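Take a look at this one chain, the form predicted on its own, written out in structure tokens.
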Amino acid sequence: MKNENLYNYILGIADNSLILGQRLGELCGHGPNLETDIACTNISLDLFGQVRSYFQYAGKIAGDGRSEDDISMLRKEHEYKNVLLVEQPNTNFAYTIARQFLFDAYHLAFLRELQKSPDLTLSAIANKCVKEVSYHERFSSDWVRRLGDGTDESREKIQEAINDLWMYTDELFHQTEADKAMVAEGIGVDVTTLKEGYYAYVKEVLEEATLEVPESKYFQKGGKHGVHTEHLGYILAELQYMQRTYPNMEW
């Protein structure tokens, strides 16, 4: 492959949206009320739309005839490069919102930087995506505040979710070899520079929600290098079923 680093860099971005979109899709018809149910479904659709743009570009770079569907749905588990955070299950509504907020805060900051990339395709995708993700972040942060400053039960549940998911946040700022190569070429975003601002903003929202900022210094990683939790296998089993059961099918 002519530019393997760029290809892998794109996968690292797109797989986060792919897996999180699939997770949110599981909630269709199961939201706490109709408005929130539709909002979560629309966020899922936004993420899948972003994924299409990324994988179309990845297919062009690969140059081996693979389509966006092939790249998104026919890889093996260890070939997916998403962070562990986005594959965590929808334990309850608080976990769904906490996971979404912890990712959205990062995703929005990342896209704002990716807009500046000299790679015109990546910057164009970022320009489109940043408008959608601005809404995603506003939606999830508002719900964190509502749950945290709501009833005793809602506050307890969102605090538990934040505490449990906190261990997956540090991986957002780890760099793979592809990341480093793209940063060196001036194409990619140096995610290490986003870390301080991310935690400052997350802390601000949590404090507004009357929630405690977790003090745990124990973090898990591995997803960016293809080492995932047991949850990803179940996600892929559902995501890939049609493509693997009926190879080369056409609509």
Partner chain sequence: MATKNWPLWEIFVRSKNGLEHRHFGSLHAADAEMALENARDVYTRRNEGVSIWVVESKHITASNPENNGELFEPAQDKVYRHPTFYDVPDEVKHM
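Note that the structure is predicted; figures quoted are calculated from it, not measured. Residue numbers count along the first chain shown, from 1.
Although not depicted, the form predicted together with the partner chain is the subject of the following passage.
Screening Ala39, Ile61, Val191, Leu206 for any heavy atom within 4.5 Å of the partner chain in the predicted complex leaves a single hit, Ala39. Taking a 4.5 Å heavy atom cutoff to the partner chain in the predicted complex, the contact residue among Phe139, Trp166, Phe110, Tyr80 is Phe139.
When the partner chain is considered in the predicted complex, Glu196 lies well away from it, no heavy atom lying within 4.5 Å.
When contacts are judged by a 4.5 Å heavy atom cut-off, Glu35 counts as touching the partner chain in the predicted complex. Contact check for Phe173: no non-hydrogen atom falls within 4.5 Å of the partner chain in the predicted complex. Not displayed here, the partner chain is approached by Arg146 to within 4.5 Å at the level of heavy atoms in the predicted complex. Figure note: of the listed segments 130 to 138, 175 to 183, 102 to 110, 115 to 123, the one touching the partner chain in the predicted complex, with heavy atoms no more than 4.5 Å away, is 130 to 138.
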